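First structure 1, then structure 2: two forms of the same chain, each alone, as structure tokens.
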Structure 1
């Protein structure tokens, strides 16, 4: 295996981890709130812009940028829940879905108005140093992405398995009526679940902005579809399987462009989805069941 192909696989794993983080947010939102979302790409874009302006203010302080993207997209998640979900639990699901599409278009157009249509450069956030591990080359940015995703996944795991809020979130994801009967504030818990899913995407926006060294208003278009694609491969509500879907999509598209052109990147990722769903309509899940 030549060095170029190995490099593309490493790049695919790194990019796949970012896709996985965005897909985690989608799976959390669908699993807890109960509605599909098409705003995740624009939430990623807001996260990237948030960290960009904090980097300008703080001198490229990575921690400050991450915190800012998390907090601002958490607030956006609250607004999104009130506008697109809270009033529609007793309505047909397509109404909420259409509302999230409209909300994503609103965010995209507001970003173009306030931030401009040109790309904002996110340069030198992380020192561009390459480490050689045998025939494998790993950059400091890739290591940062890996560490950040592992930290986020660990925090989520602790939240869902070791805290009272995690138990409430799980209860609401499994049965809203039963959760209400035992005294859980379903509306507040669902809103927190949506905020968590959005804030995760916000952090992913910082990562992808650093990875591609730019932030721009239309960056969320394909990211939203790839996040939903990854979640679909995981059966929509399974957090670990959605993450696996994101990683596989990242690796697939980078191996594909290793033998063709980078302009075919999206063809490989969405082609992979189509082939998977033809042979396995439920994604990686063995059968449809309770939300994970």
Structure 2
């Protein structure tokens, strides 16, 4: 395999990690709340703007930026839950789905009104250093995105499988009525699940802003669709498989581009999804819709 192809696979892995970062939140929300969401791209954007303003205030303090994006998107998650999910658990699923689409448009337009339509620079938050591993070149930000994805997958897996709180989240995701019967506050638990999904997207927004060195109101539009595609590949509700889905989408796109043109990027990703779902409708999961 020549160096060029390897560099394209590395590019694909890095892009896939960006998709994976957002897909993690999608999988958590679908897994716990039980409804699809199309607001993740805009939550990413709010996360990026939150950290942008905190970076301005704190002099590019990364920890402050991440905490701010986590907290603000958590609050947005609470509002989102109340507006788009809380009242619609007994309604057809498309009602909340359309609500999330409307909510995403609202967030995007409000961002353009309050933050302006121009791109905000997020320069030099992390030093732009390139590491050479043989013929592979990786930047410091790319390593940081990889580490963040690994940490999040680990924390979420431990949370869902190894703690009593995670059991509550899992119980709500599996059967709301039964969970209520054993004394779990279903509404509050589902809201927390939604907030976790949004806060993950918020932190992803900080990293994506740093990675692309800018924050702007429409930054989440394409990413949101790719994240949903990644989660679908992962069976919609599994955190590690959603991350795997993101990485595979990124690699597929870049290998396709290596042999053709970047203008066909979406053909490769969505083509891959369609082919995958034709042969394996449950995605990477063995059972359709199995919970996290």
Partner chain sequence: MRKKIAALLIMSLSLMSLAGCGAEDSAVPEPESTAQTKAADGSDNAEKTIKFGVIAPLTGTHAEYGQGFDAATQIAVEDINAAGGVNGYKLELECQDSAADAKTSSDIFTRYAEDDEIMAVIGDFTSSCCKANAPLTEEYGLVQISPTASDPSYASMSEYCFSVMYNQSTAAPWTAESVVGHFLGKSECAVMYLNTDWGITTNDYFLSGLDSAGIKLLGDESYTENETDFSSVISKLKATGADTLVILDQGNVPTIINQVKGSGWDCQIVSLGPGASDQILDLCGDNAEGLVIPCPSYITADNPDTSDFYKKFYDKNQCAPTDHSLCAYNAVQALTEAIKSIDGEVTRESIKDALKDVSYDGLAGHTQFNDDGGVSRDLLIIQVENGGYVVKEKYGYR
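Superpose the two forms; the largest set of C-alphas matching within 1.5 Å is the rigid core. It should be emphasised that the depicted structure is a prediction, and the values quoted were computed from it without experimental measurement. Residue numbers count along the first chain shown, from 1.
**Student:** Deciding between structure 1 and structure 2, tell me which is the form predicted alone.
**Tutor:** The chain shown first - structure 1 - is the form that fits the description.
**Student:** Once you line up the core, how about residue 225: does its CA shift reach 2 Å between structures 1 and 2?
**Tutor:** No: residue 225 shifts by under 2 Å between structures 1 and 2.
**Student:** Do you see a C-alpha shift of 2 Å or more at residue 36 between structures 1 and 2, with the core held fixed?
**Tutor:** No: residue 36 shifts by under 2 Å between structures 1 and 2.
**Student:** Residue 109: with the rigid core matched between structures 1 and 2, does its Cα shift 2 Å or more?
**Tutor:** No; that C-alpha moves by less than 2 Å between structures 1 and 2.
**Student:** So with the rigid core superposed, the C-alpha of residue 161 shifts by how many Å between structures 1 and 2?
**Tutor:** Comparing the two forms, residue 161 shifts 2.6 Å at C-alpha.
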